[in-house]
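So here's one chain in two forms, each on its own in structure tokens, numbered structure 1 and structure 2.
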Structure 1
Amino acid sequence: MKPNKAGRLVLEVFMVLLSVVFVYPLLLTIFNSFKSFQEVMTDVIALPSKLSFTNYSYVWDFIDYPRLFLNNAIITVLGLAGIVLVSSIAAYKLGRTKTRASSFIYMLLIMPMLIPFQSIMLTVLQLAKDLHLSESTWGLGILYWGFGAPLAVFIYHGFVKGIPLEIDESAKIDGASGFRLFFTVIFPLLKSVTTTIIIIDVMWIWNDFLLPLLMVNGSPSTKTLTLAAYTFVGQYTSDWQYAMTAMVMAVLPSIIVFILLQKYIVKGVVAGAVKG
């Protein structure tokens, strides 16, 4: 066996083992979602004795799954719309403006990626209350604009710099300028990188726990699916079989989106990196 083929084989085996390590907790959660409380407490690693969907029907009714699914959808769609709109326009303008001020503003916009959320969460909570954004699914969706924009601006900016300036000039000659130029000429060229940003942010917003816990945990009507899973975990006793069932039901939609669109993630990120 040639050295390069042997090295590739070793790398593939290592990647398979590494993927098993990451997938195992998810499989463990799925297996235990079909167990009774006694089975979970007896042996959490063993397979369920029988395939029963009793836990799923109970959790569906107990947490009012359709209502919480709608809450998640509103928050995610609103958050994505704001992140994509604001970040793409800002990145385009900064990418086309070659001044020290634009470079400074760009660095200022992406710096929040380096700040841990835990260090500013109390300030954000107080600001949300002052702006009447707390205890509201719409308010939570708007808050994600600020938290998601830095990474989106960073990715968009690298891609925009690779778009020839002659395209802008040709559009201006044809009478397009300002927002019309951006939405009719530039934004369609950002399709691949926009898809990448959408997938990344769907996985993040849909499965986020800490920000919804701070902002919409006070009312049952505004809870999210991940918060509903947390309701089965108590201080003195926990219904682990229901908690794991609720978690599977919560993350399943985002997993489906990821599986269907995963090919665009590497494509969009690599395109932005090369063009930048």
Structure 2
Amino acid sequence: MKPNKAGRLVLEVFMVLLSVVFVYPLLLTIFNSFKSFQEVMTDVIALPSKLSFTNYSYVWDFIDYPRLFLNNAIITVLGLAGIVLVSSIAAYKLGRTKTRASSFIYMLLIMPMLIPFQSIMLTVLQLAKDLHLSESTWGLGILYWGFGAPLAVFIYHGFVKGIPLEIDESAKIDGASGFRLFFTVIFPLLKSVTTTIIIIDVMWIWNDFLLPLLMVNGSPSTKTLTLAAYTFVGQYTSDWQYAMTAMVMAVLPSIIVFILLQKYIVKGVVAGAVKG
């Protein structure tokens, strides 16, 4: 029994209304980022009287937005490149080696998925200081290699098992071996899982808060976007118009990327969850 046409229409209208209510907090945030202090205080839900970017230029300069953006980009790209590289080569080798040592190492690599970050945050920070990785965007990026590896190894390992061994063998006959075999023959075959891992990890590293808070919050030159927004909002608790602007600027890159790549992101997130 399919719901009749009228029923569907009612449901459709109801869902659209619901979705607008659902995203309304985000719309309010954007609206208020364009208002003056007076306007925010008199009526939050009114639309801004004019489209003025004064808040934006103020916050842009105050938090040094380009610098923050660059920091986020360095951390995310460096972290991601390392995770993909060290995890894929290891998962491939472990998937192709059927020894007890191999399965032991595999377990050792995926078990940390059970360790909550808060359980080790203090000692991670201590160790990072000893290794001179703290208070540096590069150091933070490198630290993500280890934090991202367990899930990535797990996903890659499951996929490598599905690649027929004949492919390795014929490549070996053609004279390729070691790294060359991996990067010219196997890695291209891993493209779909690599995409999944990139999507999950970009969303995680770009938005991450606690690890950057402990690692790079000491100096304005190493802060990330989220950290800067956090500090800024803490300082400007009564100047909501600036706080709103800082938040919009912090999340805008994610929203733009999401709008452009929506299909891939949703697919990647689902694939990551189902495999992970």
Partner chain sequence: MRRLGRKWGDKFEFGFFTLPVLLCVAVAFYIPFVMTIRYSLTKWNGISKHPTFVGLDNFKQIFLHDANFAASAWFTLKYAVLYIILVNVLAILLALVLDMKLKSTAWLRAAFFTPYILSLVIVGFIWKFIFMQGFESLGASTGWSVFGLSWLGEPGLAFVSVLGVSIWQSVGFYMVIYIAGLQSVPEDLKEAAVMDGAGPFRRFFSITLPLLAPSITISVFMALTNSIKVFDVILSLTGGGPGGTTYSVAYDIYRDTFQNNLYGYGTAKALILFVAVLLITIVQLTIFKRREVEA
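Heads up, when I say rigid core I mean the largest set of C-alphas that superpose within 1.5 Å between the two forms. Just so you know, these numbers come straight off a predicted model, no measurement behind them. Along the sequence of structure 1, residues get numbers from 1 upward.
Item to complete: Pick out the form predicted in complex with its partner chain: structure 1 or structure 2.
Response: Structure 2 is the matching one, since it is the form predicted in complex with its partner chain.
Discussion item. After core superposition, I'd like to know whether residue 222 moves between structure 1 and structure 2 (criterion: C-alpha shift of 2 angstroms or more).
Written reply: Where the cores coincide, residue 222 shows only a C-alpha shift between structure 1 and structure 2 that is less than 2 Å.
Item to complete: Would you say whether residue 31 is displaced between structure 1 and structure 2, judging by a C-alpha shift of 2 Å or more on the superposed rigid core?
Response: Yes, because once the rigid core is superposed, the C-alpha of residue 31 moves 2 Å or more between structure 1 and structure 2.
Worksheet entry | Rigid core superposed: residue 211 CA moves 2 Å or more between structure 1 and structure 2 | It does not reach a 2 Å shift.
Practice prompt. Look at the Cα of residue 59 between structure 1 and structure 2 with the rigid core superposed and state its shift in Å.
Written response: So the C-alpha of this residue moves 2.4 Å.
Worksheet item: For residue 19, what C-alpha shift in Å is seen between structure 1 and structure 2 once the core is overlaid?
Response: Displacement of the C-alpha, rigid core superposed: 7.9 Å.
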